[in-house]
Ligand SMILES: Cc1cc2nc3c(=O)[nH]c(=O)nc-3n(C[C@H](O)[C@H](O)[C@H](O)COP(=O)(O)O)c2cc1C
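Just the one chain here, laid out as structure tokens, in the form predicted on its own.
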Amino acid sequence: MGMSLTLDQISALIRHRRSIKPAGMDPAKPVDRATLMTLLENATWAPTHGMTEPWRFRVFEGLSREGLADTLQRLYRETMPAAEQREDKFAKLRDNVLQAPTVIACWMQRGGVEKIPEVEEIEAVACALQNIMLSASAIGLGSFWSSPPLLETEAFRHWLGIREQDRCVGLIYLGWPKDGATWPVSARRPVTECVTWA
């Protein structure tokens, strides 16, 4: 059952993954279809209780991003209380979509296995999205997971064509970093602060 990757290599990839915001992506450099299909295929190898495979993806590229951007801005105006609306957030909803060459709407499609709690199905989709982001990092492709509250509105579910029992868990933005960009570096608190031994 040996694998070609060592634990050190897997650890390095996991620790190398960073969020690359759409503003740091080159909108003129598309992500080719073969690469996208590999990333999505990797997503489907996430853990899934009962083999329900609840993840679903809709890919927006090229002009289809305009429709997504328009919808996000319209729903922001319609669903956010006027007193809480901010013009910078309104603008960013559109800018993010158009700055990334690829945007993937990701949702949990609730299956017929009612004994599996909804939270486990959402967790499975979250694992699938981590697979996408790790795979993207492995080839130097930027990724950013965004989950604005309007994704949970009935209006967005209707626009996306998903059912009331389904849950959109986020938008994954994908794009090659702009020329000259440096890959971000981060840190985490010592793992000893998060672990207790029974």
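What you are looking at is a predicted structure, and each value in this text was computed from that prediction instead of being measured. Start at 1 and count along the sequence shown; that's the residue number.
The protein also exists as the form predicted together with the named molecule; that form is not presented, and the subsequent description refers to it.
Out of the listed residues Trp55, Phe156, Phe144, Phe60, Phe144 is the one that sits within 4.5 Å of the named molecule in the predicted complex by at least one heavy atom. Put simply, Ser186 is close to the named molecule in the predicted complex: some heavy atom of it is within 4.5 Å. Residue contact with the named molecule in the predicted complex: Lys178 places no heavy atom within 4.5 Å of it. Annotated contact segment (heavy atom within 4.5 Å of the named molecule in the predicted complex): 146 to 154, selected among 159 to 167, 146 to 154, 64 to 72, 36 to 44. In sequence order, Arg17, Arg18, Ser19, Lys21 are the residues of 9 to 25 having a heavy atom within 4.5 Å of the named molecule in the predicted complex; the partner itself is omitted from this view.
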